[in-house]
Ligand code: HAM
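A single chain, nothing else alongside it, follows as structure tokens in the form predicted on its own.
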Amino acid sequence: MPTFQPVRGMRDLLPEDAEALNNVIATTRETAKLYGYREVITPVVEPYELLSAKSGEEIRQRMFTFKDLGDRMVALRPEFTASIARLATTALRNEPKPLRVFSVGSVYRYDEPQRGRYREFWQANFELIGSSMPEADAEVLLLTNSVMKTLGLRNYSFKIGHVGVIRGILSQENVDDTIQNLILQRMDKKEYDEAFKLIEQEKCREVLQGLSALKGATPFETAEKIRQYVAGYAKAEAAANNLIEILQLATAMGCPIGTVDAAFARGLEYYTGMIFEVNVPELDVALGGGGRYDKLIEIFGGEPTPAVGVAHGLDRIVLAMQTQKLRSPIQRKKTAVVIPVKQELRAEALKLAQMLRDAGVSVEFEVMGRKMAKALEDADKRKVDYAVIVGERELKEGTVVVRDLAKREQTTVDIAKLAAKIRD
């Protein structure tokens, strides 16, 4: 018989890996509640037309697509925003604005597998729909900062740009939208020479080259240089002013803005305004990113609706925490194994195990029929905290023996106090 392995780019998450991922998910869920975001669950499979509409050529080429049995072209979701935009035009269209929604789950892209990059990966996604104010942009930055801070990540910083600056210049120089998208795709890959070759107008090309070279000692200095540089380009100037407003709000709340990059672009075509990523020095991939997309909901048949969002790469956050040797902020509960001394005591021991579970204690039961020494050895290998040994004499006295497997100590405990003993 052949030995099967996961499909390339997919992974099995073993118990410790799954626990680490779920602890990060729990933190993102708690953060969502604190900021007033309500969770929605969308399908993993969506119509290809929906997912490809404004995703960008790079992602379109890397989607897992296939025809279903009804001969419809469908795809595995490469991200969440298109699905949320669909909801905003249908089931949630009459909800009061702003609409704050949160999603978490697996997404799929046919990328080349490498450290921190998989073909099946997990995201936590936050969308704030209905506001065009800079406070909304600042909120997704602050929310992301809250997740990173709660998880204990060190030395993370934000990189921020504004698509409106680049698009404002290109639009005023009459560069076609299709060419604009191609330019931004190249800039996203940092292929600046290739991007600028796509611009026929020499003046426009020189302006963008100059813009991409702007640097400052601080994020605000860079943003101010951008504003001065694009004077005369009305839309680009408005975008630069918007960027400065967002920076002022985010930094006032302690959000660590590392750099402002005038040539920063992201691979999705639907961005219209502020864009950002959050990074740690130990990894060369972003832990999360997002931005403003004010036209997507309208493209999908809804009313013109401003929106901004962020996706957190949960696998990458776990990797960053492991690299920085961080423990999850969620405290692991104590665990116990219940072992009857002999078979005749199995029923009473099972009742005891269930009593502990009802009291909120994580309990395993010795189901292998092993001798006491072997059962204790197994529990120790699997890092169980306590062994509850059920003996005939102790039961008659309303007690059990509790062995602390880490300390190699054991005591006799009243059954009535057993749950409190293990929890505390």
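This structure is a prediction, so every number in the text was calculated from the model and none was measured. All residue numbers refer to positions in the sequence shown, first residue = 1.
The protein also exists as the form predicted together with this ligand; that form is not presented, and the subsequent description refers to it.
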{"property": "Stretch from 227-235, 155-163, 194-202, 306-314 whose residues place a heavy atom within 4.5 Å of this ligand in the predicted complex", "result": "306-314"}
{"property": "Selected contact from Pro134, Pro340, Pro219, Gly291, since only one has a non-hydrogen atom within 4.5 angstroms of this ligand in the predicted complex", "result": "Gly291"}
{"property": "Position in contact with this ligand when the complex is considered in the predicted complex, options Ala286, Leu92, Val74, Met321, heavy atoms within 4.5 Å", "result": "Ala286"}
{"property": "Close approach of Arg109 to this ligand in the predicted complex, 4.5 Å, heavy atom", "result": "yes"}
{"property": "This ligand contact in the predicted complex: Ser83, any heavy atom under 4.5 Å", "result": "no"}
{"property": "Contact label in the predicted complex: Pro256 to this ligand, heavy atom within 4.5 Å", "result": "no"}
{"property": "Contact label in the predicted complex: Lys295 to this ligand, heavy atom within 4.5 Å", "result": "no"}
{"property": "Residues within 4.5 Å of this ligand in the predicted complex, restricted to 256-280 and counted by heavy atom", "result": "Arg266, Leu268, Tyr270, Tyr271"}
